[in-house]
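Take a look at this single chain in structure tokens; it is the form predicted on its own.
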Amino acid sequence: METVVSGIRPTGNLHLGNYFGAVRNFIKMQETYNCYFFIADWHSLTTHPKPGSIHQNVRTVLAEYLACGIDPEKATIFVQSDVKEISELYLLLAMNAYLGELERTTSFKDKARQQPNNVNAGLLTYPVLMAADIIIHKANKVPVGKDQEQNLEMARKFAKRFNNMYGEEFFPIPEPFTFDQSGLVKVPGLDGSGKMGKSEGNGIFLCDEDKVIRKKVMKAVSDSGPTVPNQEKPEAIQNLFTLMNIVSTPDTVEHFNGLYNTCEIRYGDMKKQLAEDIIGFIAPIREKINDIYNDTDYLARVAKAGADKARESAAKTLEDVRKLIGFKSFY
């Protein structure tokens, strides 16, 4: 069985776009692959989060992914900092990662521009740590977004470099995981364009309370309405219908489509219905998130079991890496 590794950033809550994108793909992957899903708390240190927020963010992310359907009996889900072997492989790979190639990575240059007063070594060596995360479990496939494609290419480069230096095809060369695009849903934001995102302020989050959802949806971008029958929908209006297609019944969508095509639609009514349908979709997930978040014993058991399984895999890889490099113990 092929191995898949993917990191989960402990920054902010999951929104509908995450749910219909990465999360549902993770749920599919755990059925047919040997999956390692880790919460990347070490990576978060590049932005210097407050000590009190690190554990809370990890706890929130863990509860949300479990509530959405990641099954710890099928996939290994763990916290990055619980697997100390990753840090040692990170150190070993860093010895053969060169300053010039790290400085040229797009992610480093972008972050350096965004936080000019905090251009730390962790930002520079981010691709090295990411490579260690991946190849320590000898991953064959890695699901990545556009913003991480170059970092995956760096991981491939470091794996090849190690194999060449020590004369053994030890690490598999990880490939990007390609999803069946026909099954993916691009969830639009509420601002009339683009996709739903955390930083854009245009998202509906799985933890949002009912009144928050209603307020957000009622503020969604719309226009004055169609002026001729059956006219093409502008992007902002099509976005509302796309959201409705995701959470509403076919009859509801058909009803509002009919009103649009006859120039009788009232967007206030449509938004009220959309808000209630989003609430109906999110409420059971939100309730499950809250239950899991508040079940400290269950979260501890999941995190401990995941760490044990991940460390077993990582320790075996690291033992073989040390032998290949030439480290020998005197005791």
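Position 1 is the first residue in the sequence shown; the rest follow in order. These numbers come from a predicted model, not from an experiment.
The following text describes the form predicted in complex with tryptophan (TRP), which does not appear among the structures shown.
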4.5 Å heavy atom contact with tryptophan (TRP) in the predicted complex for all of Y126, I134 and V144: yes
Listed residue (A220, M130, L243, I77) with a non-hydrogen atom within 4.5 angstroms of tryptophan (TRP) in the predicted complex: M130
Partner-contacting position among S81, T105, Q148, N140 - heavy atom within 4.5 Å of tryptophan (TRP) in the predicted complex: Q148
Listed range touching tryptophan (TRP), judged in the predicted complex by heavy atoms within 4.5 Å, from 33 to 41, 278 to 286, 294 to 302, 259 to 267: 33 to 41
Close approach of R9 to tryptophan (TRP) in the predicted complex, 4.5 Å, heavy atom: yes
